[in-house]
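This document starts with one chain, in the form predicted on its own, laid out as structure tokens.
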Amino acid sequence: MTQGTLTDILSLVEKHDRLFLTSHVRPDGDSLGSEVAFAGFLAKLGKQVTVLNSGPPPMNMEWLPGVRDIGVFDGSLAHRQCIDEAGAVFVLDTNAENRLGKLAGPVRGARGPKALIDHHTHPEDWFDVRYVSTAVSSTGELIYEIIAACDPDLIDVRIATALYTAIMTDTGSFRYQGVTPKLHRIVADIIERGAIVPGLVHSAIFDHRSMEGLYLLGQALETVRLYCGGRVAAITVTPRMLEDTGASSEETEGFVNFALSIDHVEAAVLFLETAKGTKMSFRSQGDIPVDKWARAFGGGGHKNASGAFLLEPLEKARDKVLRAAPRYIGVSASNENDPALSTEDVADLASLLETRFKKR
């Protein structure tokens, strides 16, 4: 594996007419936006491009122009041939084989060179070329750099919308670390080239919930509990809650941010119980490294936004993860054996919000 450059990526593109793109399981705004933008760019160069993921896009990304061109890998001979016959395979926004889901084996065994375009830490060593920078905000920012290095005039409305979506979602609407003056200049160029109205894109992604999703949010908020002296918050969603409300698990997107918004909370975790185990979504503010916290349980991601999955029931997974919290948020080890606040000190989210509003 070698650390690649823009030239290496563009050389692979130039050499091969058939290209294959994929990204991680449970695709998000950065992975989907990067795929749509890169595929659109390659198509403009006259390349034959196939994009397949292990699963469909979430409900809040179905509006994105071009996302319907991304197929879901079904293990068929036709899909496997797309991978085997590709001159080069590009893996976007994930650097671990197990994050590719059903595509892991076929992609790892592809005959063509495998190139990684990503901004996460600790890439695995099976890629032939890796174009990686942990200093940038998103994979979308790297895709912009690739396109701009070739010909920025290739950025049309569809590509610009995809790039803006990738960058905006992976920066928490431009709140996370990695938001730099350079990034704002890039975003300004994207907005100008695509005549984008940022508010409309943001609204399409974040401002639409079904009634079922709203009922689910209400139930989830009742589960919020504080730990580690009020610096960590946990919020939980169970299969029973999904069944009672009729909501889908996709509609839990963003729930963890409600827990993170509580005064004095520096890190929050959403625990989503599934038939196979427990999915965790970690979020933090400032210098709290939730990526290290997530990696301790087989996951990973960004410093302020990460995820993990444990093949364990909810109660066991939640207890294990929260007992590890002090090691990653700077709480003294003496608190590690009992990180939860005492019952009389635990306030539910509704009470906290009521107090906050009364102060206004």
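None of these values were measured; they are calculated from a predicted model. From 1 onward, residues are counted along the sequence shown.
Beyond what is shown, the protein has a form predicted in complex with guanosine-5'-monophosphate (5GP); the following relates to that form.
Under a 4.5 angstroms non-hydrogen atom cutoff, guanosine-5'-monophosphate (5GP) in the predicted complex has A305 among its neighbouring residues. Contact annotation: T171 falls outside 4.5 Å of guanosine-5'-monophosphate (5GP) in the predicted complex, judged by heavy atom distances.
Taking the partner from elsewhere, Y328 is found to have every heavy atom lying beyond 4.5 Å of guanosine-5'-monophosphate (5GP) in the predicted complex.
In the predicted complex, guanosine-5'-monophosphate (5GP) lies farther than 4.5 Å from every heavy atom of F41. None of R225, K279, H79, K114 but one reaches within 4.5 angstroms of guanosine-5'-monophosphate (5GP) in the predicted complex through a heavy atom, and that residue is K279. Partner contacts here mean any heavy atom within 4.5 Å of guanosine-5'-monophosphate (5GP) in the predicted complex, and among 54-62, 316-324, 41-49, 295-303 they occur only in 295-303. Using a 4.5 Å cut-off on any heavy atom, the one residue of 75-109 that reaches guanosine-5'-monophosphate (5GP) in the predicted complex is R99.
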